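Presented as structure tokens, the chain that follows is alone, the form predicted alone.
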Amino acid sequence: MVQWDDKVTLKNPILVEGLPGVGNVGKLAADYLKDTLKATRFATLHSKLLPPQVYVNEEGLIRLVSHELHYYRARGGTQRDLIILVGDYQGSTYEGQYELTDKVLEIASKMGAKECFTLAGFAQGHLVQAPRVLGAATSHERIEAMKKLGVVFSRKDPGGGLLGASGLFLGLGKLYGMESVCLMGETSGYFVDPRSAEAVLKVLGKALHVEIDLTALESKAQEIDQIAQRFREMETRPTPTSEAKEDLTYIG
């Protein structure tokens, strides 16, 4: 079911997608972008293709899990109108992934969107102190443009392709005539990663010609950095010898 204010009109908007995934990088980035720009919700998608769940807030009130579309109107200069997709979950099945992606693209296309940025995390399986932003795109022109902003396009990463919404929006978007880029922040994959989301937003802000105040996200990133430091200390801590293990067992 789609609740959509079809009276909203935008001029040549760009679609930005950020749904939950590895390190919740895409979701963190898209939610932060929406909140910082004070974007306005104009569509809500409820679907049986999302997990059968409601959220309960601190007061005990519930709401269905959903996807939401928000719009931001350009403030002049080289800015463009934006459509920002945020949500609680990705589709719970392969069918759900395709149908939900297609529905969002249908709405965005009707509103004039011809470009799309998807935001995601790329798990490296180890702690990452200074995350790079990796990329994938639908054209050589897009690749060259994003390289100038510091995005890394590697034959090795991501090896084997993109899974989930961040990849589908690129693939299905081509069927709607959209040129698209996926921005992937490197992350350990161990926990929610605001540092990686910050790296993605720095690139996205340049690409969209939008100034994004990252102060609040930086504060969250510093908290996670402290947790990551404890992980590093645990990783470098010497492994007890077998004799020490025996002694420890005996003491216990």
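This structure is a prediction, so every number in the text was calculated from the model and none was measured. Each residue number is its position in the shown sequence, starting from 1.
Separately, the form predicted in complex with a further copy of the same chain exists; it is not shown, and the next lines address it.
S.K.: Taking any heavy atom pair closer than or equal to 4.5 Å as contact, tell me whether residue 56 reaches a further copy of the same chain in the predicted complex.
M.R.: Answer yes; at least one heavy atom of residue 56 falls within 4.5 Å of a further copy of the same chain in the predicted complex.
S.K.: Should residue 162 be classed as touching a further copy of the same chain in the predicted complex when contacts are defined as heavy atoms within 4.5 Å?
M.R.: Close contact exists here: in the predicted complex, residue 162 approaches a further copy of the same chain to within 4.5 Å, heavy atoms only.
S.K.: Contact with a further copy of the same chain in the predicted complex for residue 103, defined as at least one heavy atom pair within 4.5 Å: yes or no?
M.R.: Contact with a further copy of the same chain, no.
S.K.: Do residue 138 and a further copy of the same chain share at least one heavy atom pair within 4.5 Å in the predicted complex?
M.R.: Yes.
S.K.: Quick check: do 79, 109 and 205 each get a heavy atom within 4.5 Å of a further copy of the same chain in the predicted complex?
M.R.: Per the other structure, none of 79, 109 and 205 touch a further copy of the same chain.
S.K.: Pick the stretch from 69-77, 109-117, 126-134, 94-102 whose residues have a heavy atom within 4.5 Å of a further copy of the same chain in the predicted complex.
M.R.: Within 4.5 Å of the partner lies stretch 94-102.
S.K.: Enumerate the residues of 45-67 that have a non-hydrogen atom within 4.5 Å of a further copy of the same chain in the predicted complex, in sequence order, or give none.
M.R.: Those in contact are 46, 47, 48, 49, 50, 51, 52, 53, 54, 55, 56, 58, 59, 60, 61, 62, 64, 65.
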